[in-house]
Every structure is written in structure tokens, then in C-alpha cells.
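The chain that follows stands alone, in the form predicted on its own, written as C-alpha cells.
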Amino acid sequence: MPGIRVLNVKKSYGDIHAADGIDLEIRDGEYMCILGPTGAGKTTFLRALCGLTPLDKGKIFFGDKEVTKEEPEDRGAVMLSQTYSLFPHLTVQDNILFGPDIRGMSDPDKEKTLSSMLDLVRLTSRSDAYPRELSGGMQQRTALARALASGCDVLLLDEPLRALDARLRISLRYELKDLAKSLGLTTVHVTHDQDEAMVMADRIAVIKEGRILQVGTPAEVFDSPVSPFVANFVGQSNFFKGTIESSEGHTVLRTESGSLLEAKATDIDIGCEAVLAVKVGNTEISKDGVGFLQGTVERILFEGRYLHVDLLVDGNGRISAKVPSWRMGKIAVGDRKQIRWNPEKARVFPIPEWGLERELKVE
């Protein structure tokens, strides 16, 4: 199966830059997730790959072949939308055979293709059913089988699990990736759901306002974000603005209220304004009275294995932490608590030139 190279791809709609100079390489057989908020340019990028959206500028290669101006049917790519777009008047088997029929496949080959696709998506017993008679998961698998029966080399998925209920969405994450991997397909999956991307992707490309901000494995993007936006979008973070006090060993940031906070070493110069980010999941409520900050518990939310705790911190506003749920009853609204974190789990970034509030804004 081919890898994909995208070089300086641009697409605008008036003043809106849906793709603003995108460069990206997707490896042969890779499961790549394009992750970003609504309006980031995810669907435009996917439609450009399959040829449904003409580019203003840039080039797209599938393997060594440039496909920038190729018709959609000549690219060997198929796009599965979040609505599935099944033909309501056709049965499961007729939906699956739509592509082979259009291509003029012989009857023996169609029969073989149908059998293998039905077996692959475990719908052999429902081959005569119509879409309205299927569950959401079965509709999704039918649409996937129809896409795969087209003989594609590249599978493009536009929020394919968005319309499903939470439990089914979680179970189908693994089925979908396993199917793509078993067939050796190069897969591009766009989503706004960070949990979905984290468990499905070989690598994640984070996109905002038509630009790719970071590409890496799920662990790399989560643990080593390159900007405050990535730090907050891929795992919620607490932020503190201040000035770099020192950078020997750990970086020390002095906040506007005078608090001294520690983070991983940085090359930002001493005296420069900066912002410290620490994941909510890495923010601890101290049990021994030692911490960087002190605050008052404002709200406690039960989330199963964890409690989400919001605190009002002296001079620093509201921050959040997660603690094990067994501490339920040991923390109460109104308690005064110390807050700390492992400095190696906190990162410091330069203050964005357009301001932190705009940097973190999600439309």
C-alpha cells in the first residue's frame, strides 16, 4: 500500500484558511489520526486527499505518483463519512457490491469479494437486511465493507464513530483499526476526540486553523507538547503565567502573585515571560502539607476511578486536579489544600504573541 506525502497544501474559502501550508508524510500501512477542534480543517484535508476538493496550491503524492490533479476514482482512495451514506433501498450485500458492479467485476470475483467482506465485518447472517433494519454499529461495518470492496489502497475516515453511542464507539475503535491493519491499508482518520486518537493512532497530527502543529506518537504528543494549545487539547492542562527565574536543573517560574513553580528544564532566557503547563492528571493534592501552591476546594466531581477536584488558588485563579476515588470523603468543599507536581511532568513555553487566551481558544 502507498504512503502519502502532502507538500505545502493550501485551500481557502474567502478569508478562512482551511488548509494553510500543510506538510505531512503518512507512512505505508500507517494508521494516522488527524486531531483537531471543529473548524480546524480536518475534513477539508481529507477531501483534498481523495480529490473531492481542488487545491489552491500544493502537491499530493500516493507513493511515488503525484495525484494532485487525478480524478477521485483514479486515486485508489475511498472516503467513509460519518453519516455512512448507505443506499437505503439496497440490502447489505447490494451496498457492498455497488463498487464491484460499477467496475464491471466478473460474477465469480464478485461472489468471492462479497463472501470475504461479509465474513470480515461479521455480517454474513444479515446480508439481506436493509440499512434501516441494522444497528448503528452494523451500518458502520456495512459502510466499511462497501469501502473496502472497492479495492482501495488508502482508507480515509471522516469522524466515522461520531454518530454512535458511547459504548459502541469504544468497542468499534479496536475493530476498525484491526480491520485496516489486517488489510495493510494506509489509513487517515480525522477526529476531534482525543481519547479516540490516543487509542487508535500509530501517530497523531494535531491541526488548528489549517496548520499542522505537531506530529508524533500518542505518547509523544501527550507527554511532550510543542505549544500550550497542544498541551491543553491533548489532555487538559493547568496554566500559570510568569517570568523565568532560573534554569539550573529545573526551570523556576515566578508567577505574577510571587509563587515559585518548577518545571522541566527549558532554553527560554532568564527574565523572559513564559507560561507553565501541567496536565490536570499530573497535578497532585498534597497529603503531607508540602506543595508549590495553596488553594481552597471549590468543587468535587466523581468520575469513576478518579475524582476531578477544582480549587481556587491564592493569586492564581482556578486549577484542577485528579485524585483516586478512594479519597472520596477525605476531601471536602472548603478544605484548604497544598498543590504540587513532579517538575519533570510540567513544561514551560514562551507566551504566545497573540496571547494565551486566544492560543487556547477552541471554536
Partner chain sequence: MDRLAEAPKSTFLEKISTRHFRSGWKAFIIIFFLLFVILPTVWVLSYIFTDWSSIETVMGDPDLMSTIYDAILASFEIAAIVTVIDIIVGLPMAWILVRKEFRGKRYLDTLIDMPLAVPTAALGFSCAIFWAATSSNVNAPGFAPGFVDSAFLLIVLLHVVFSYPYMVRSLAAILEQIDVTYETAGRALGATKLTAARTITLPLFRAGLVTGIILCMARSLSETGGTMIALATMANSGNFETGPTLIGAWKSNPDLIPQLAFVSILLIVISLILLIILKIAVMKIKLPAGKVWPKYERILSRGWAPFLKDSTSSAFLFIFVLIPSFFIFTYVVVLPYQSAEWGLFWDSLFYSFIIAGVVTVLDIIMGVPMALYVARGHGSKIIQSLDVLVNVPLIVPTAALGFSLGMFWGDVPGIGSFDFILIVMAHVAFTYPLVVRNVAGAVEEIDPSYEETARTLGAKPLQAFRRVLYPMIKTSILAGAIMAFTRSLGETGATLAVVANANTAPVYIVDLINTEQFYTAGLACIVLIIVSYVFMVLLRYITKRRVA
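Numbering follows the first chain given and starts at 1. Computed from a prediction, not measured in an experiment: that's the story for all the values here.
One more form of this protein should be noted, the form predicted together with its partner chain, which is absent from this view; the next part is about it.
- Checking Met328, Val333, Leu301, Leu52 against its partner chain in the predicted complex, a heavy atom within 4.5 Å turns up for just one residue: Leu52.
- Just one of Leu261, Ala180, Leu118, Met79 comes within 4.5 Å of its partner chain in the predicted complex, counting any heavy atom, and that one is Met79.
- The closest heavy atom approach of Phe87 to its partner chain in the predicted complex falls within 4.5 Å.
- Remark: Gly216 does not count among the residues lining its partner chain in the predicted complex, judged by a heavy atom distance of 4.5 Å or less.
- Using a 4.5 angstroms limit between non-hydrogen atoms, Glu70 touches its partner chain in the predicted complex.
- In the predicted complex, its partner chain lies farther than 4.5 Å from every heavy atom of Arg167.
- Judged by heavy atoms within 4.5 Å of its partner chain in the predicted complex, the contact stretch among the candidates 314 to 322, 32 to 40, 62 to 70, 292 to 300 is 62 to 70.
- Contacts between 125 to 160 and its partner chain, taken as any heavy atom within 4.5 Å in the predicted complex, involve Arg146, Ala147, Leu148, Ser150, Gly151, Asp153.
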